[in-house]
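The chain that follows stands alone, in the form predicted alone, written as structure tokens.
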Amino acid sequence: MSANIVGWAHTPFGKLDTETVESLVVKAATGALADAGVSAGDVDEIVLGHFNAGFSPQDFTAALVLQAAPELRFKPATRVENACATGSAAVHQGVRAIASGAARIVLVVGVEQMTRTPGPEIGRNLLRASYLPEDGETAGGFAGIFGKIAQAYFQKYGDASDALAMIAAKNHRNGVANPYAQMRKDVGYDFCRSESEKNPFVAGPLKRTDCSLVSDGAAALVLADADTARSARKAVSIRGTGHAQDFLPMSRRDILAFEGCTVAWQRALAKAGVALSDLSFVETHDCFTIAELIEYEAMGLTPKGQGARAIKEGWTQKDGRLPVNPSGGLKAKGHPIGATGVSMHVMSAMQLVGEAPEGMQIRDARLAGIFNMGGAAVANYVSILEPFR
């Protein structure tokens, strides 16, 4: 019993001063149900992805989805959390509910409101997704963690600053066409490559343009079984999924290998019965540019230590052999933690039914890959999507 995406909604990502977690949840949930043509009363289960970790005073948020419609009262609703992969954790839980036969229709919502939190507190909140006994005193929060990873990568494989700047420039250029993106500006390679007052070093070799944005926002989708999908206005099948959870302490693994990412990709591709080369595009977790670079290697696009080839030779550009982050990725779109994974699924579904915004649409997109990561390659989720047949 396959799960299929039959409707979706997406708020703008950014600094949304007039919104609350509740209002964002309600807007996304209401929009997704309307887009799917599904009444609230027909929903069998609700899954909310919300990291929080101190960002919002309101906790215990699963029931906030019920505010979208009176008919959602008494529906089973669960909040899930798996650091920055929280959104995909919610989607995958919905997929399992349908695959088990426990539900025909599942409403999945992802949300986060981060920008009302002072900067130092944001860093402390995010650092909770690391192993505190080893990394709890890291300067710069999670940027500091990935700054260490970037430094270790440079020491092992050589200075990859050019490649990181090219990744940042690519994603910012792609984000211009995404109306939901927080930053819709093509800042160019030279700006990303050069240290400046507006682009200072943040942690190790990482500059401001190497880091994703602090964001507010929500996204939602409606999952349905195959019988329901057949009568839907549009439908995208989740053909395969993979989830691999790795050790939390980085000291227990090769942090430059992102092995959990590799395992999740292998599992999802095997379930889908396809190869990486079959994909039309990938939405991947570029919380930092070094993450996207290592993910090229972990997904099997290049051998270890050679990820720079993929960006320098144009493979991952929007017109390349495997476009990566045509939405602009977390780098341009923004990264409201609980919403990110759901957003990735929405952006990919848009591509596959030809509803992506003008300038963002990948021509003849037939198969999408999604990688969403929590922590430093700890929670690893992959989804393979295709148009419903």
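Numbering starts at 1 and follows the sequence shown. Keep in mind the model is a prediction, meaning the values are calculated, not measured.
There is also a form predicted together with a small molecule; it is not shown, and the following applies to it.
Inset, instruction - Name the stretch, out of 287 to 295, 93 to 101, 307 to 315, 239 to 247, where some heavy atom lies within 4.5 Å of the small molecule in the predicted bound form. - result: The contacting stretch here is 287 to 295.
Inset, instruction - Give a yes or no for residue 337: in the predicted bound form, does one of its heavy atoms lie within 4.5 Å of a heavy atom belonging to the small molecule? - result: Yes - in the predicted bound form, heavy atoms of residue 337 and the small molecule come within 4.5 Å of each other.
Inset, instruction - Evaluate residue 373 for contact with the small molecule in the predicted bound form, applying a 4.5 angstroms cut-off between non-hydrogen atoms, and reply yes or no. - result: Close contact exists here: in the predicted bound form, residue 373 approaches the small molecule to within 4.5 Å, heavy atoms only.
Inset, instruction - Give a yes or no for residue 208: in the predicted bound form, does one of its heavy atoms lie within 4.5 Å of a heavy atom belonging to the small molecule? - result: Judged by the heavy-atom cut-off of 4.5 Å, residue 208 is in contact with the small molecule in the predicted bound form.
Inset, instruction - Although the small molecule is absent from this view, report whether residue 268 comes within 4.5 Å of it in the predicted bound form, heavy atoms only. - result: Residue 268 lies outside the contact set for the small molecule.
Inset, instruction - Could you check which residue among 171, 178, 212, 113 gets a heavy atom within 4.5 Å of the small molecule in the predicted bound form? - result: That would be 212.
Inset, instruction - Name the single residue among 150, 84, 106, 299 that comes within 4.5 Å of the small molecule in the predicted bound form, judging by heavy atoms. - result: Flagged contact: 84.
Inset, instruction - Report whether all of 360, 366 and 384 sit within 4.5 Å of the small molecule in the predicted bound form, measuring from non-hydrogen atoms. - result: The answer is no; none of 360, 366 and 384 reaches the small molecule.
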